[in-house]
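Coming up is one lone chain in structure tokens, specifically the form predicted alone.
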Amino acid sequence: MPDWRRRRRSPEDPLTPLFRFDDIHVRFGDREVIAGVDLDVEPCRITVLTGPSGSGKTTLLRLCNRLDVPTSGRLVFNGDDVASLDPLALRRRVGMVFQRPTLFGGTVRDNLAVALPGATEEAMRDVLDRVGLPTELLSSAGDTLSGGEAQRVCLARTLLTEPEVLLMDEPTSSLDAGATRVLEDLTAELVEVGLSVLWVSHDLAQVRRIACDRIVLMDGRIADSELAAEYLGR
């Protein structure tokens, strides 16, 4: 049984924030991408980061598993300063599914083994079942899959390491409507059993469908309630 299932806490319990962003700034050269973000992200929810293109959504997401690092400020994950954590160990706890499904050469089995060398056949079958794919797909070549199947294999590959958190960077942007809804429903089911999700989306209809919490970014800052409501159309 994945470890995050055992850690599920009641909504009535006092919770340590999953992530705490404390005056986070990120600069790339002369450009400030994140400009003083203060934010608490709660566990066991789908928190959606949305906002206009170039507002800093993906950068904020990438900070959570040290694919990017703050120029200044402090980011805390489950009470630990992210800067003090080993990046590889952190990325096993905080997995990421990218915008476009990326499979390596070889079979689906080979792709899953990249995430967890030595994973048993039973574990691989279980994780495919978890994302709604037939176990017979293990022997299929990755380049024969549809876009929706490939993205679910990427999700399965991430889940194989039993992360506490999923970072989803516009994971449905290249999928059709049917595959999009399948991935949304799968993610909601994972949250129901205790996983936490941060999801970047520019699709406001999707934001309304999936978000437990909505964070609107504009020019690297969290929009105030009035601007956020205007952007979200309510």
Partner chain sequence: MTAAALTTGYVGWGGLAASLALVAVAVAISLWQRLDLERSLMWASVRAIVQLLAVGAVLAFVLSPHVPLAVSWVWVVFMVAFAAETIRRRAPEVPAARPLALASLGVASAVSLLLLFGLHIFPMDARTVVPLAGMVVGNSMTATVVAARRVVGELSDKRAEVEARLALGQPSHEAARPYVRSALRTAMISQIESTKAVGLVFLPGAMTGLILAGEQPVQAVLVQAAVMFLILGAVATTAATMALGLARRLFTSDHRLVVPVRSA
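Positions refer to the first chain, counted from 1. Fair warning: this is a prediction, and the values are worked out from it, not measured in the lab.
If you look for the form predicted together with its partner chain, you will not find it shown, but the lines that follow are about it.
- [ ] Can you check 97-105, 126-134, 139-147, 71-79 and let me know which stretch has heavy atoms within 4.5 Å of its partner chain in the predicted complex?
- [x] Answer to the contact question: 97-105.
Task: Sole residue of Arg209, Arg181, His202, Arg66 within 4.5 Å of its partner chain in the predicted complex, by heavy atom - done: After the contact test, the surviving option is Arg66.
Open item on the list: So, Arg92 and its partner chain: in the predicted complex, are they within 4.5 Å at any heavy atom pair?
Closed with: Answer yes; at least one heavy atom of Arg92 falls within 4.5 Å of its partner chain in the predicted complex.
Task: Any non-hydrogen atom of Arg62 within 4.5 angstroms of its partner chain in the predicted complex - done: Arg62 belongs to the contact set for its partner chain.
Open item on the list: Although the partner isn't part of this model, could you tell me whether Arg152 comes within 4.5 Å of its partner chain in the predicted complex, counting any heavy atom of the residue?
Closed with: Answer no; every heavy atom of Arg152 is more than 4.5 Å from its partner chain in the predicted complex.
Task: Non-hydrogen atom contact Ala115 with its partner chain in the predicted complex at 4.5 angstroms - done: Output for Ala115 is yes: heavy atoms within 4.5 Å of its partner chain.
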